[in-house]
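Presented as structure tokens, the chain that follows is alone, the form predicted alone.
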């Protein structure tokens, strides 16, 4: 079956639905990683539609009870990666390093028919697989990220193995720009460049914020494009909220080099009240004093 090609308007509708769904969770629970949905909605919506080539979901359509931690006697349970399709030589794979973006991934899976819309009822509920921080059993996740900077190495190792095997599928890894403060990230880019892993695609939600505030005030990582190129990768920087511009970035020629696509974003896109809190938006809490304001935004979405 031919892959469906989504229009820009359809992808934008998915991005808007992601923001609304995560805002609904924040209103219900009093807080969540809302800014990450605001910044990455177009990025994730584009990945799950026109950018990645995934097979049909093999994961359960509804949330399942927590299957327990992996171990010698507990490996036979539905892995989160199955929601992106069963592994196949010609299909892409997605590794999510910024695992606190889990609700964004779930919402995107739901929007494209890989997970039921009722996933929100089990989100962050004890005893279920819909973790607030994604892990290997969480829908859409290949692995538990561990410390920031580790998942890119997992993705690169997978890319190396798949290239050696002759697979044509690509290996996407999604990072936050705060992870670019980690030395392991740059060591991995250097190694991926050395091994000519042009099947490794690094996608960065560059929203300029981290727990302590502005990234540039904690440990500046710019100029990113120059740095990635200096380490041997091809790199382009685009408006992460411009769907057409973001999609076109993946057409960049990068023979024998990993490709890095930086999406420049804002953590308050679509939700004006958050702008006055920026850059302290790592985890957004909605209290009694601003509930009415956010409820109005939700109702108008």
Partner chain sequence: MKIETNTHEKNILRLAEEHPELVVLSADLGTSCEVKSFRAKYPDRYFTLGIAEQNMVSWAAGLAREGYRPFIHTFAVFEYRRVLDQVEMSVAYPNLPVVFVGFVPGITTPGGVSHQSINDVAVMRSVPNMAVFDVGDATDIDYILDIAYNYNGPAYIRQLRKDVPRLFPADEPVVFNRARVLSEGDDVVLLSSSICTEEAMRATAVLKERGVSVQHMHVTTLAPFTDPTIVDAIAKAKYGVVTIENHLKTGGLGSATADLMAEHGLGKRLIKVGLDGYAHGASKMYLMEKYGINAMKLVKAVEELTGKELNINNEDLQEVRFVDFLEV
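This is a predicted model, so every value here is computed, not measured. Residue numbers count along the first chain shown, from 1.
In what follows, reference is made to the form predicted in complex with the partner chain, a form of this protein that is not presented.
Does any heavy atom of residue 71 come within 4.5 Å of a heavy atom of the partner chain in the predicted bound form?
Heavy-atom contact with the partner chain at 4.5 Å: present for residue 71.
Verify the contact flag for residue 219: yes if a non-hydrogen atom of it lies within 4.5 Å of a non-hydrogen atom of the partner chain in the predicted bound form, no if not.
Residue 219 lies outside the contact set for the partner chain.
Counting only non-hydrogen atoms and a 4.5 angstroms cut-off, does residue 184 reach the partner chain in the predicted bound form?
Residue 184 belongs to the contact set for the partner chain.
With the partner left out of view, is residue 191 within 4.5 angstroms of the partner chain in the predicted bound form by any non-hydrogen atom?
Heavy-atom contact with the partner chain at 4.5 Å: present for residue 191.
Only one of these stretches, 164-172, 118-126, 98-106, 201-209, has heavy atoms within 4.5 Å of the partner chain in the predicted bound form; which one is it?
Comparing against the partner chain in the predicted bound form, the contact stretch is 164-172.
Work out which of 111, 215, 156, 180 lies within 4.5 Å of the partner chain in the predicted bound form, going by heavy atoms.
Selected residue: 156.
Even though the chain is shown alone, can you say which residues of 115-151 have a heavy atom within 4.5 Å of the partner chain in the predicted bound form?
Heavy-atom contacts within 4.5 Å come from 136, 137, 142, 143, 144, 147, 150.
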